[in-house]
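Take a look at this single chain, the form predicted on its own, given in structure tokens.
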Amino acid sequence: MTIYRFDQAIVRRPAESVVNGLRAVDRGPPDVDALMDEHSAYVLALEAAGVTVTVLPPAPAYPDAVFVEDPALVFAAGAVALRPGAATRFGEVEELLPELHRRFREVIELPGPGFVEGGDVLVTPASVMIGLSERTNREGAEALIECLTHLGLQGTIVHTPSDVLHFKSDCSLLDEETVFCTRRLASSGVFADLRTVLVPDGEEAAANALRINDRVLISRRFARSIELLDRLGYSLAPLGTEEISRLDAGLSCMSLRWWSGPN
């Protein structure tokens, strides 16, 4: 299974309504123009890493629709349309489904009443890890495992630390053997089969980095994390996240990524 080799991505341009996006801690609404700039820089970084990016139009009725990873998962074998754990985001799935059907021969809709958000799903060489959280419940995770099995993939249920929005808020894959994660998540033992690089204390939000082909996208807000990964030999692309972070968001949630070429 290809883990961080991508040649295609889907993003959605932010709408003006993004100022009404969900946030667990209210640090004020994002500056719309600055957030648009962050999003544009993100698209350019994906393209610079060798990815062809499809930019969908804004969806003003859904303030959080820019975070396209939460309502769906995509793989070379097909796509899974999810059911977000926040009721205000349910309509994002319908907005995204036509594009999924255009791009994938196999599109599975999550069965049953459970819910899953893509921010709780980390793909590793061994399995697709599904973190239980306030946005992903066990019923949804078990339904997702059935969907993954249909695509020839293996799912594993794990736990998101308390007071953390999404599993991937606290971790990201750096390579086939290494995960960048917070101390609180590493101490749970969930990554026993992987090498862990601990995020410097006080920079926990840096854990939501994003490996794309030969480079790692990381928030420019975290100098010690950048220094650490640079010292370990990773090719980094620091990006602005000042405004998207006001919406409890990070770099992974703004795109759906997959490999469409020959293996």
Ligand code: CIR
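All residue numbers are counted from 1 along the displayed sequence. All figures in this text were calculated on a predicted structure; none of them were measured in a lab.
Separately, the form predicted in complex with the named molecule exists; it is not shown, and the next lines address it.
Contact with the named molecule in the model of the complex holds for all three of L22, D70 and D248, each having a heavy atom within 4.5 Å.
Between the named molecule and the residues L100, L174, L165, V128, the one pair within 4.5 Å by heavy atoms in the model of the complex involves L165. Shown alone here, R89 lies within 4.5 Å of the named molecule in the model of the complex, counting heavy atoms only. A residue is said to contact a partner when one of its heavy atoms sits within 4.5 Å of a partner heavy atom; G119 meets this definition for the named molecule in the model of the complex. When contacts are judged by a 4.5 Å heavy atom cut-off, R83 does not count as touching the named molecule in the model of the complex.
Heavy atoms within 4.5 Å of the named molecule in the model of the complex are found in one stretch of 212-220, 191-199, 60-68, 43-51, which is 60-68. Residue R135 is the only one in 126-152 with at least one heavy atom within 4.5 Å of the named molecule in the model of the complex.
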